[in-house]
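There is one chain below, alone, in structure tokens, taken in the form predicted alone.
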Amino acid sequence: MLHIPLLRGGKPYRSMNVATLNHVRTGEPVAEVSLANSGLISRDLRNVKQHQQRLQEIPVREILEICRKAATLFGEADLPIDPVAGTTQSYDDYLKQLSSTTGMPLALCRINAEKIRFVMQNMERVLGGLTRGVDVEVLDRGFVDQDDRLLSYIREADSLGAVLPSNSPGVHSLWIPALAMKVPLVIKPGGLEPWSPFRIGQALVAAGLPAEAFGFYPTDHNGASQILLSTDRSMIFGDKGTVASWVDDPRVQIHGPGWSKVVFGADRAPHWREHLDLVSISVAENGGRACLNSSGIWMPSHGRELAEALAERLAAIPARDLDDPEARLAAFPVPEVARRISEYVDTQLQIPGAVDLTAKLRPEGRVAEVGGCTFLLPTVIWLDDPTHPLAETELLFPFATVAEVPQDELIEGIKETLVVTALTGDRAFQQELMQARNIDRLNLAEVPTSRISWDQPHEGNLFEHLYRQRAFQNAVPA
């Protein structure tokens, strides 16, 4: 059987303790993954300073070139998957294996893999966005003379720990820039998705990155906690319960639920039909699996009309076989999870003030069985009561609520929100949105919530997480 090892200081290691990854359709084993315990992780992390020094020796321009080469290798080359056994993985193998354990259709796997490749290919542009245009040479020298100003930054971490999810491969592009910032990585992959981070690491090493800069540690909850506790800076992805213990730790960057929204101003609400494509994409793109997907549409009027049209649009999206090039929904690797989510929604619908508009369009129900896999079909909920519990619900499939709220109550009503796409030409309302501290990313344009610009920060700025600016004066000889 295929085996995925740990990478300890860049060296493959087979553990006595392994986890088996099974195919979502057949239940047959796909691979074994070596697991690290917290003691092993703690011992290995004593060496991260040496790993960082090795990375520090490489000029940043050379690292950027390594990233560009790695982008090509990631999307084209046969790369090691079990270096000890000499087993390699082609790009097509990677996509098939990724789909087989996560339930993501092949078509969506390709789209997400392209996001990863794009970030490596365009790393200098990404760094420019994160540093707000500071010359990348600052990562070599610690300071730059830019626009007649001396700018100096000090690195705050010898390593970045990353506790990763399994829901969407594109999310892995968020931690790759740490290596270009000369900070080694300590990766805990999602339980069902070791494929993308492992292949990213192998592509970077094949392109010339020091192997010891990439640590790969599949592990359990205790091991994940050890990574977060033992690295100078870290990031964690997960639901509200997963991230709750770390929200007050400034060393940990939180990537939790997004509760992203599409918001209409009073001026655009009557013209909702012109924006229905944008709303549909925001809810359903990437199988609705990302924190960027809109889980709510808030508008001052015409809400029920939009909700019914959106329900009709999304109810037409069928569950398809994972190999179907037209597939747009992801399967649930554990069918019982899909059923429990559907039961949760139905239980919440018993509370007055909410109605499932998609239910009447498909009498067969929300759970679908296709090609041996279990899916949840898109669901649109109309809320008579914007304080209904489902207004603050985010789920791993295309799920959205629609509510009507007066414009002067919208910003406060949406609460903490990762992304808002605001459809309005009202300058005063736009200014209120600009000043809203509960909105992390703001689109004052026809941009779906699910689309991001890779040269913009995402849920916190990774450069500011790893570096801080300091006062600096340089004596220049006369």
Partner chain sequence: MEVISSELAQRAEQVRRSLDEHVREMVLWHFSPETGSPFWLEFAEKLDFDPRREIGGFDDLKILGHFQDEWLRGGPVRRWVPKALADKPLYVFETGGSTGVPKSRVNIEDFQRDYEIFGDNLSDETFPKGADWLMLGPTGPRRLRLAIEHLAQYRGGISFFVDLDPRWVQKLIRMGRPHDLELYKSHTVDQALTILRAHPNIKCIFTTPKLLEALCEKIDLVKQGITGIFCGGTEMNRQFNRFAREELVPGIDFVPTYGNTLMGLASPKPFDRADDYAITYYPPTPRALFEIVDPDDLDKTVEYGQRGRVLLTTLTREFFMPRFAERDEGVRAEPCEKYPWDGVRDLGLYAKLKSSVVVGVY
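Because the structure is predicted, anything quoted here is derived from the model rather than measured. Residue numbers count along the first chain shown, from 1.
Just so it is clear, the following notes concern the form predicted together with its partner chain, a form of the same protein that is not shown.
Novice: Which one, Asn286, Thr374, Gln407, Gln226, lies within 4.5 Å of its partner chain in the model of the complex by heavy atoms?
Specialist: Partner contact (heavy atom, 4.5 Å) among the options: Gln226.
Novice: Consider the chain as shown here, without its partner, and state which of Arg427, Arg61, Arg43, Lys49 has a heavy atom within 4.5 Å of its partner chain in the model of the complex.
Specialist: By the 4.5 Å criterion, the partner-contacting residue is Arg43.
Novice: Does at least one non-hydrogen atom of Arg14 fall within 4.5 angstroms of its partner chain in the model of the complex?
Specialist: Close contact exists here: in the model of the complex, Arg14 approaches its partner chain to within 4.5 Å, heavy atoms only.
Novice: Hey, in the model of the complex, does Ser245 get a heavy atom within 4.5 angstroms of its partner chain?
Specialist: Ser245: yes, in contact with its partner chain in the model of the complex.
Novice: Might Asn37 be said to contact its partner chain in the model of the complex, defining contact as any heavy atom within 4.5 Å?
Specialist: Yes, contact at 4.5 Å.
Novice: Mark Asp249 yes when one of its heavy atoms lies within 4.5 Å of a heavy atom of its partner chain in the model of the complex, and no otherwise.
Specialist: Yes, Asp249 is a contact residue.
Novice: Since the chain is shown here on its own, which stretch among 249-257, 141-149, 127-135, 379-387 would lie within 4.5 Å of its partner chain in the model of the complex, judged by heavy atoms?
Specialist: Every other range fails; the passing one is 249-257.
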